[in-house]
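Before any questions on how it binds or moves, here is one chain, the form predicted alone, in structure tokens.
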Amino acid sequence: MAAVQGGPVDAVEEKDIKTEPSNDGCGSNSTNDGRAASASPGSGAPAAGAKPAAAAPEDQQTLLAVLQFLKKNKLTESVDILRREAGLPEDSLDLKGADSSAAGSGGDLGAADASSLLSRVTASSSAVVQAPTKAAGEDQPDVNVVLSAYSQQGDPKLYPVYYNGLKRFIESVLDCHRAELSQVFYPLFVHMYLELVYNNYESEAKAFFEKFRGDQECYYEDDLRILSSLSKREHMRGNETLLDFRTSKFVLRISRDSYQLLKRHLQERQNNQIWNIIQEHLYIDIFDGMPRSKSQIDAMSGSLAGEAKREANKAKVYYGLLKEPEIELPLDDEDEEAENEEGKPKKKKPKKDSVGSKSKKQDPNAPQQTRIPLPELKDSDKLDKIMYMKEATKRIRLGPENLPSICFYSFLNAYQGLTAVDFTDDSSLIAGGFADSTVRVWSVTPKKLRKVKSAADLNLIDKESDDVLERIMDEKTASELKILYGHSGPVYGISFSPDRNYLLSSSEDGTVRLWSLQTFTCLVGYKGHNYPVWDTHFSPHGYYFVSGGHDRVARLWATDHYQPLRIFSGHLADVTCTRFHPNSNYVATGSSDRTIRLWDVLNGSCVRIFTGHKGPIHALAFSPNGKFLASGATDSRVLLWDIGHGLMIGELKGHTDSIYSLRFSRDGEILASGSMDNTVRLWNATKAFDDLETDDFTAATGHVHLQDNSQELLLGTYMSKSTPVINLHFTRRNLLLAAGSYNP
């Protein structure tokens, strides 16, 4: 995560000076390589000599700000001691006060200045801690601090000259370096434009924007449209997009050779304005090796803050599955259901293992069973596991020669506006969230939905009878549909618990509600999000669930806690979709900032950042073995990720509209994708993952060459008449269910 304070970060810059010789030579590629920025290129002297002189006035300014803060809080003794140690004259604070009042546009400017400088002093030590807080959207009071970085004055007429000069230089370098250095255009363009707007050069800013807008990549078009509306200084205050650009350093991944070319050019031209922006607003992640090609760069770029730093994807991730509990299959059930009783139980055991439950020995990549506390299995859960194992023996083995049948549930006359759909794991219930703030639950089997009897009637039941669970249900209430009322805004996310006893719904009203499917009433309203909650998802083991919303954070909850257990903060825009890893130890979130993040439930840390999508992400799916992740977005592409190595390993192109649903078949052989283009597409997941060159993963540069083999991997396209696909679900026997609302 990037440092977020306004103004340059002294501590980091000084550290950069120390690492400068190793950057130019063959030194190790440390974290600071990215910020490896020497002195202003205008100085002909060596970096180490020139920098302290440039930094000295700023140090003094920082010291004065600290003194002023102490004086304001009536700590006069501390002020005197610090002033004597620093060798400052007694009237230095008065001068400082005069300066701020002369420069100010309001009496509180000095305080704001002090706070900005104080935040600058602590930047290097607390950058990692502060970044999430800023990103959470609660940064409105610090807008002045954030914008103050743009107050450097420069001749506005020279901005197009500077930019043009750099453009001509990059176009003249060798082809192998051109693609990498072209990445600098977009962040430079944005920051130069914002600097012009902030300093009230309105006409110059407009001319600059119109002149160079066409040079930017097409996938930044939406951002540029928002940027073009910021034509006055007043527009910048409280603008979320601007704060995103300011509070997060734009990350560029560039080879050492390309970086040295750029640095040398700027030093020779004494191009301070561009160099200042690069130092202050960009994080250059330098790698040793061959420069990347245009296609490799395009595959990974497109997010709001550039690419992910390589360090962000180096943490160990335990992606293996948890060991399944040993459950004996009762023979009497077999006798009732199966004709050839003798063979069935013997077949079942090995089949259960092949499903991926890893019951015999622990997966080396799996987390400890006790790494996070998981709920104990109840008797009803064990019965459900037995049913699951029985169904697994009848499961159809899918493949290119054996595609699944697809059953499509069309919601007809859904004038209430269908916004979310979910199926239970055993495919017996389907629930829909609607824009009229209702949640509707249907039974898709002959068994109707019934409520539990009233307390008075329950007292009359013989609790010792064998069919007590059947007796507690009220036959008078039996119906195919139940409507749940409680939300005060559209319902955007919906999720059944694995045991089918509960249903979660998240809404525009900022709450997540837990509904009982025994009484069809709301049990809890979880309040933590301040804005609409776009998605929610139950853990595969139950008990835990995750939610994500417009406040840019995802929250982890437990059903018996009304406060969140973890807050996952780091996205720069809305968290649009959430998904639990099959082992429940990790949560994946997709966002409008066009990144996917993987979070560790144990400590709340971000262990993976995936960039590559060119639009907001609306669908995520983990493979059944936990090794891979598939993501779908408004850019009509499905991207495949290797979780262990933290790399993109595939791109599936074919859809022509936003992708809202992804699901792997039960054995992981087929990936199904559903889109707003009214189609379901089936992809050969086995081939996509097996064709990988594992040698590529060891590349120090952290990128692989993607094959353009979407057509080979596409197994089938299935059109609906006029129904966008909102949800997909594979039954336990590998029948594919799809759902959407018919648009006449």
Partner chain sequence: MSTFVLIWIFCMCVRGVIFTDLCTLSAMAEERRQKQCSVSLPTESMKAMAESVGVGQLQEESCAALSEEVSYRIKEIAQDALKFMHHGKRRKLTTNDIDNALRLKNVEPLYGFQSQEFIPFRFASGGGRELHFYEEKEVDLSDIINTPLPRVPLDVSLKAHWLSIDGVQPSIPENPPPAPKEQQKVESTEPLKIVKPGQEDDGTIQGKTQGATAADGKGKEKGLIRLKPRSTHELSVEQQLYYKEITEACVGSCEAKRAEALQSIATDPGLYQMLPRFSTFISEGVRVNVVQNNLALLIYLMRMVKALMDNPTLYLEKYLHELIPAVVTCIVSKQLCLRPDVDNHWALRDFAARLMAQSCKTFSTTTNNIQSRITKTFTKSWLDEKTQWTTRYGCIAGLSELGPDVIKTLILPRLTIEGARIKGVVEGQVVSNIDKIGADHVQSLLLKHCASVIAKIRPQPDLAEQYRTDYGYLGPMLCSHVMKARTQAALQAQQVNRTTLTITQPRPTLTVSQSGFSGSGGPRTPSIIKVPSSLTLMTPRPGTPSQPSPPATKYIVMATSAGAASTQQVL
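Residue numbers count along the first chain shown, from 1. Computed from a predicted structure; not experimentally measured.
The protein also exists as the form predicted in complex with its partner chain; that form is not presented, and the subsequent description refers to it.
> Do residue 412 and its partner chain share at least one heavy atom pair within 4.5 Å in the predicted bound form?
Contact with its partner chain, yes.
> Decide whether residue 318 counts as a contact residue for its partner chain in the predicted bound form under a heavy atom distance cut-off of 4.5 Å.
Looking in the predicted bound form, residue contacts with its partner chain do not include residue 318, since no heavy atom lies within 4.5 Å.
> With the partner left out of view, is residue 84 within 4.5 angstroms of its partner chain in the predicted bound form by any non-hydrogen atom?
Heavy-atom contact with its partner chain at 4.5 Å: absent for residue 84.
> Can any non-hydrogen atom of residue 469 be found within 4.5 angstroms of its partner chain in the predicted bound form?
Flag for residue 469 set to no.
> Can you tell me which of 294-302, 621-629, 369-377, 570-578 lies within 4.5 Å of its partner chain in the predicted bound form, counting heavy atoms only?
Contact-bearing stretch, as computed: 570-578.
> Is it the case that 158, 186 and 200 all touch its partner chain in the predicted bound form, with a non-hydrogen atom of each within 4.5 angstroms?
No, the candidate spot makes no contact with its partner chain.
> Go through 310, 550, 281, 614 and name the one with a heavy atom inside 4.5 Å of its partner chain in the predicted bound form.
Comparing distances to its partner chain in the predicted bound form, the residue within 4.5 Å is 550.
> Among 396, 383, 75, 458, which has any heavy atom within 4.5 Å of its partner chain in the predicted bound form?
If I apply the 4.5 Å criterion carefully, the residue I get is 396.
> Taking only heavy atoms into account, state which residues of 380-409 are within 4.5 Å of its partner chain in the predicted bound form, ordered by sequence.
Going through 380-409 in order - heavy atoms within 4.5 Å of its partner chain in the predicted bound form - the hits are 396, 401, 403, 404, 405, 406, 407, 408, 409.
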